[in-house]
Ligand SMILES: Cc1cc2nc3c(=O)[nH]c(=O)nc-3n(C[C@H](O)[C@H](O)[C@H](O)COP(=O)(O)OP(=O)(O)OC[C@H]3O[C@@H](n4cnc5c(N)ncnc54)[C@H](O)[C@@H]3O)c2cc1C
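First, one chain by itself: the form predicted alone, in structure tokens.
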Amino acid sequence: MTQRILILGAGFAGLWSAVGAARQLAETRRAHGPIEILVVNARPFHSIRVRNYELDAEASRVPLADVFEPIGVAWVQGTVQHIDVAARKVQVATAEGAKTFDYACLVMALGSALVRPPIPGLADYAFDVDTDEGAVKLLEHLRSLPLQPDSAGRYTAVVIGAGLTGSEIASELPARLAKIACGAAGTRVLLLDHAPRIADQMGEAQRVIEQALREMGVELRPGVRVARVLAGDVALESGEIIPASTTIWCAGMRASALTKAFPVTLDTLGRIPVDEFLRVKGVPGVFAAGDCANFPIDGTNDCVMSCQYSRPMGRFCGHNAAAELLGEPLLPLRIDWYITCVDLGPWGAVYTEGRERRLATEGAQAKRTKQLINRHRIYPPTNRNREDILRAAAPVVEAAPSKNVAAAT
């Protein structure tokens, strides 16, 4: 009888869980019955989500078929509706109707989503770059601005949330809006946050990010709160009205709401507690990885919602899920380094080391590191070569990205 490893989600954690499991099955010499790996994902592609701020959909999509077909992983396009842990079944909505899949081993990798608080008008009028669909919708809106009636805020963009994503999209917008406006007067980009400083959590890099944004003409507004959002303006709690045709929400993340299906105590971000093998504590046959899972990844500090953790979590999770079915030893995951690399558009980038975010490099040098990460390091092999794909899923922890990437010649 075929046993199934069912993987929910094909983001960084889900895709690499699938490849990691396939690699372990391919390498085992122990006799075993047939084992199927099945992935459920809402889209037919793996989204390089961390590139959404670039507003280049084609560059941030990897067809699932190019990764899964060469290694024998099956996948279904659909949306997970219900998880029944007791019955070991998952209900999925597909274009052909509802389908139910059972499993011998489940990998929960449905990631996280942007949190939208109940600010009047936010859900109706604010854009985001949290998803592929959101980024495409924003780009289409920006391209439509020249066709809209002239107004005080036609070429004004307000970005709400000055964390990593907010800083990155705000850095992209001045040049993009200027190009779209074709020299028309009145282009503005404002970056708002309730914190007392822009990029307040960025340690030694905070001053660099602030300087870069100012040099690119971004208006910085820390210490403010939004009262409401409309199609043509943003109102602050102070009473100030900012005319703006474009509002982008970039504040707050939370794990998939489906983590509530598991009989465990979730953390403040809605994440599932796992052990160092990525097993869900107290729930047999279930693993979790990526933004919806949490454990002290360096022995002390909790995971951060990021692709730098989701990718190795996926590789180890998939390996361990297959190993458990095969009766092979499981491998613990520990990552002792942490870096942050923030893209700052034409200005460059900033690269920090450690949880305290010590400044390592900035400007053009950091930009080369960021491009190495975003355009190469975080992609699976796309050449449809089975050996290359499986090799990339080895359950090992990579070294931190180099902060001394050579300039192109």
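Numbers follow the displayed sequence, beginning with 1. The model shown is predicted, which means the values in this text are computed figures rather than measured ones.
The same protein also exists as the form predicted together with the named molecule; that form is not shown, yet it is the one meant from here on.
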query	finding
Heavy atom within 4.5 Å of the named molecule in the predicted complex - the one residue of L190, I335, V80, I180 that qualifies	V80
Option from 355-363, 42-50, 55-63, 380-388 whose residues, in the predicted complex, bring a heavy atom within 4.5 Å of the named molecule	42-50
is_contact(A18, the named molecule) in the predicted complex, heavy atom dist at most 4.5 Å	no
In the predicted complex, I37 touching the named molecule (heavy atom, 4.5 Å)	no
Touches the named molecule in the predicted complex: G111 (any heavy atom, 4.5 Å)	yes
4.5 Å heavy atom contact, V129 and the named molecule in the predicted complex	yes
Residues within stretch 137-176 having a non-hydrogen atom within 4.5 Å of the named molecule in the predicted complex	L164, T165, E168
